[in-house]
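Presented below, as structure tokens, is a lone chain in the form predicted alone.
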């Protein structure tokens, strides 16, 4: 893909993410229809509406592209030269309780042998009007409102004792039991730990240097895809909890996003 095509793709990703976020914010204070699609896994009518808004915009521009979305939609093609990995509202539990920590996450990815290679991505926080955007090889930026985008850079913290870490608990009982001893050690060794309830936004904050690392034992591709490119283009690193490269798994995968400088002990 040449530079012109990549720039166009980045623009479409960013504009679509923002328009979807504005729709989610419009629906924020309205009565919600909430259902449970799995154990500790909610979906609202806003998730469905926002995802449809996104996929319709993309299909109008790229009818031969495929999709991997959080909310099931059998009408969407799965294959194509580009796969759009979409989380229409990351932080649905927060959203359903009117806790203002959620985001829209979209990544345009090239299919590769071991999964997906994000090449353009955006995460939008509609409550703060913050757009995190990246394209492969072009760096990552943060734009607030109509202001000028500024380059993103991960933090320079090297010592765990100075690190502000973030995590989420996962909906899985097994993952929660496994993460507890890790949290005990990290809480003892780190400066502090936060859990904001939206994985994609927390990882975007790693890219912005607000957090130094983020940990989760069971994320899905739509949680990770956009944030992965943001963190990498901001100078950070991603791995599983054993320090190995991420292995894409729609059923769930462990993930540590960091500034690439910290050596976290995860046992």
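Bear in mind the structure is a predicted one, so any value in this text is a computation, not a measurement. Numbering follows the first chain given and starts at 1.
Another form exists, predicted in complex with a small molecule; not displayed. Remarks below refer to it.
Engineer: Evaluate residue 126 for contact with the small molecule in the predicted complex, applying a 4.5 angstroms cut-off between non-hydrogen atoms, and reply yes or no.
Structural biologist: No - in the predicted complex, heavy atoms of residue 126 and the small molecule never come within 4.5 Å of each other.
Engineer: So, in the predicted complex, is residue 53 in contact with the small molecule at a 4.5 angstroms heavy atom limit?
Structural biologist: Heavy-atom contact with the small molecule at 4.5 Å: absent for residue 53.
Engineer: Can residue 91 be called a contact residue for the small molecule in the predicted complex at 4.5 Å between heavy atoms?
Structural biologist: Yes, residue 91 is a contact residue.
Engineer: With a 4.5 Å heavy atom cut-off, would you call residue 223 a contact of the small molecule in the predicted complex?
Structural biologist: Yes, residue 223 sits close enough to the small molecule in the predicted complex that at least one of its heavy atoms falls within 4.5 Å.
Engineer: Since the partner isn't included here, can you check whether the small molecule sits close to all of 16, 130 and 149 in the predicted complex (heavy atom within 4.5 Å for each)?
Structural biologist: Per the other structure, none of 16, 130 and 149 touch the small molecule.
Engineer: Within 4.5 Å of the small molecule in the predicted complex, counting heavy atoms only, one of 131-139, 185-193, 104-112, 81-89 shows up; tell me which.
Structural biologist: Selected stretch: 81-89.
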